[in-house]
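Taken one at a time, structure 1 and structure 2 that follow are two forms of one protein chain, written as structure tokens.
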Structure 1
Amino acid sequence: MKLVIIGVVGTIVGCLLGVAIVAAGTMPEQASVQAENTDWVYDIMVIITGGIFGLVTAVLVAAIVIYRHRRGETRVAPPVHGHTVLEIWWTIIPAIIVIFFTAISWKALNDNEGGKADLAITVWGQQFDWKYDYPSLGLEQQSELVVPVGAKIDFTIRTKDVIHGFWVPAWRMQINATPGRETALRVTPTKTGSFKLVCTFICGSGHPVMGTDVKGSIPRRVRVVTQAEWDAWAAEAQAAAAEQASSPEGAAVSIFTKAGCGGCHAWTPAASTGGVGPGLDGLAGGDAEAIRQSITDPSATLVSGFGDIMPKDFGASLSPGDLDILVQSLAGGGA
């Protein structure tokens, strides 16, 4: 009897604790349909498992308080070996609970991924930056992720080198970029604004700058805008791309941007502000061969104050022609 009372009280207190956790708002801002579905599952799980936690803790603490051996006590414990009915119950009830969790999770999963997509975007991870392709706009290797609110967006995640993890906490969605294959993510943003974008998978010594807003890195954000704003942004971006393709200076900037250099280096012509590696504006008028070596073999000479963290494969990934253009442009102070 004592056990039943303690158990019931413990379960209720535990559930209330769960409610309190949910009410306290432990999740970040909710900005997508997927976030709503996920949080619904989360809330239910927190409250029910809170009850289980409360039950176990209450019985545990009560047992210690009530049945602790006291000095001089000669009580003998009842030789109970088990209780079949009780054991069956504590197998069945958890089974029902976890099957219920599976069901609601499955439902949320289906709701997250259902329906036809309105927009497709390809996200490219690389050491240590993100790039975005907008196939419907004919835009490639953009440095900014801008999406319209309310659209069902299919993200295709790809990588140029190692595994990265694409995560937008406000959307509650993440998936790894896996070499050699495309991974997919469906998001339906419900809120406009600027949201944090995080790399979750360790991808090298620059991993932190690819994820959170650490000092010296450019903040990684996804910008959710209204459809009208998005259309305007798209037109602007297309115009900028066209202009860049036609000007000689643009060629260098375009190579610089596509290769992801701006993720770590500040360079005025490309309007990049990355602070992980040394700034490149001071290179104007410098020795072209030294610049070339610093790109193809970055470990050879290091600027003091900066570690040896630059990827070593730019010599292979940049075509010789592109490399020439880039080196000339860096050494020539712009064009």
Structure 2
Amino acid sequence: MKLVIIGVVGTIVGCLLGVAIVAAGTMPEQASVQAENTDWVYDIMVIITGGIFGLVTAVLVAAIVIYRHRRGETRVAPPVHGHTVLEIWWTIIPAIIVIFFTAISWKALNDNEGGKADLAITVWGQQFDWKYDYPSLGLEQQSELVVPVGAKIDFTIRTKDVIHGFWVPAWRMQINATPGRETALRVTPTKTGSFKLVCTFICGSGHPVMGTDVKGSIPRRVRVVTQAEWDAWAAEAQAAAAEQASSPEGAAVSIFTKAGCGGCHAWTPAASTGGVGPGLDGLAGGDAEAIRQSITDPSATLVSGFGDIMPKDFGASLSPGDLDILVQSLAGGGA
């Protein structure tokens, strides 16, 4: 009976500890329906597992103290072959807890993914940047992720090179961008503002700048706006895309963007600010063949202060025509 009382007290103390952890507000800001549902499950699990921790710890410590071997003790405890009632309870109670956790997790998952999507966006991970396609708007390879608040958004996550991890802490939703696969994610933003985007995999030497606030990072963030702001942004982005396509350097900028060059290099015509590799604005008037070699065989000549980290496959991934357009534009200063 003494251990039972101690166990009950330990359970209560453990649950109170769980409540204190939840009340401390250690989680990031909630900014989506999925964050609210996920935190609800998390809070319940913390409180219940806190109670289990308190029960086990209290009974363990009490048993060590009460039933410890004392100096001069010669009595030997009788062997215990089993306790049917105890075995039934320690099977039933964990089973109930697991079933309960499964039920609330299923409800949260169903609430997270239910309903018809309002918007579809394709997210591209690349070394070392993110790009976004908006099929319904006819926009491709956008540098900024802008979404309307309250919209049910289906994200299709893909990668152009290695594995990346797409994670917005305020949304509580994370999924991998895996080579050769498409993964999917549903998010319904509930707050406007700018929210941090993080790559959760070490995807290469430029990983630290991919969605962080370190010096030299882009940094990448998600912008959630009102419906009116979204409509205005969409119209502006479509107009900018049309203007770029009709400009002399538009083809080169499109090739540069789709190849992911802006993740590492700054180039004014493409409005890219990458700092992992050298800036390209200074190439105007340069040797076109040297520029071509730097793209197709980047290890041949390295710029001082930058390592040999550029992918070596652009000679194969870019068509000869696209390569010519890009080289001519870079050598001509974007004209």
Partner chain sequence: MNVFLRPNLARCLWVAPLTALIVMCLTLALRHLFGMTPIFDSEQMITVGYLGGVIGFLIGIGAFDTWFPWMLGAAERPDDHSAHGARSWRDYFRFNTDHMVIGVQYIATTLILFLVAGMFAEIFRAELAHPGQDFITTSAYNGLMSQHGIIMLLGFLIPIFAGIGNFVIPLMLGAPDMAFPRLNALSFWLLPLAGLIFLSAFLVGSFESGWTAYPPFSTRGPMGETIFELGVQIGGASSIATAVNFLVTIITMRAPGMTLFRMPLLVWANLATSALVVAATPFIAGSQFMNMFDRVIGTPFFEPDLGGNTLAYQHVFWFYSHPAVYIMVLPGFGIISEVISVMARKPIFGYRAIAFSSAGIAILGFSVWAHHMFASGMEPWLRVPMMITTMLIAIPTGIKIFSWLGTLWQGVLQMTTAMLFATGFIFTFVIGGVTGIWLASVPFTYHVHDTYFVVAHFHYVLFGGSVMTVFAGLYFWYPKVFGRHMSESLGRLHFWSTFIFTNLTFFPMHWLGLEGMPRRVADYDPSYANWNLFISISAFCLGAGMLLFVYNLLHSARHGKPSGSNPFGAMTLEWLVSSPPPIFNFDVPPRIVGGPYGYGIEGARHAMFPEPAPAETREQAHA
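Under this definition, the rigid core comprises the largest set of C-alpha atoms superposing within 1.5 Å between the forms. Please read these numbers as outputs of a predicted model, since none were measured by experiment. Residue positions are counted from 1 along structure 1's sequence.
Undergrad: Structure 1 or structure 2: which matches the form predicted on its own?
TA: Looking at both copies of the chain, structure 2 is the one that matches the description.
Undergrad: Indicate whether Glu36 shows a C-alpha shift of 2 Å or more between structures 1 and 2, with the rigid core used for the fit.
TA: Moves: no, less than 2 Å.
Undergrad: After the core is overlaid between structures 1 and 2, has the C-alpha of Ala23 moved by 2 angstroms or more?
TA: No.
Undergrad: Using a rigid core superposition, assess whether Thr49 undergoes a CA shift of 2 Å or more between structures 1 and 2.
TA: Moves: no, less than 2 Å.
Undergrad: I need the CA movement of His69 between structures 1 and 2 once the rigid core is aligned, reported in Å.
TA: Its alpha carbon moves by 4.4 Å.
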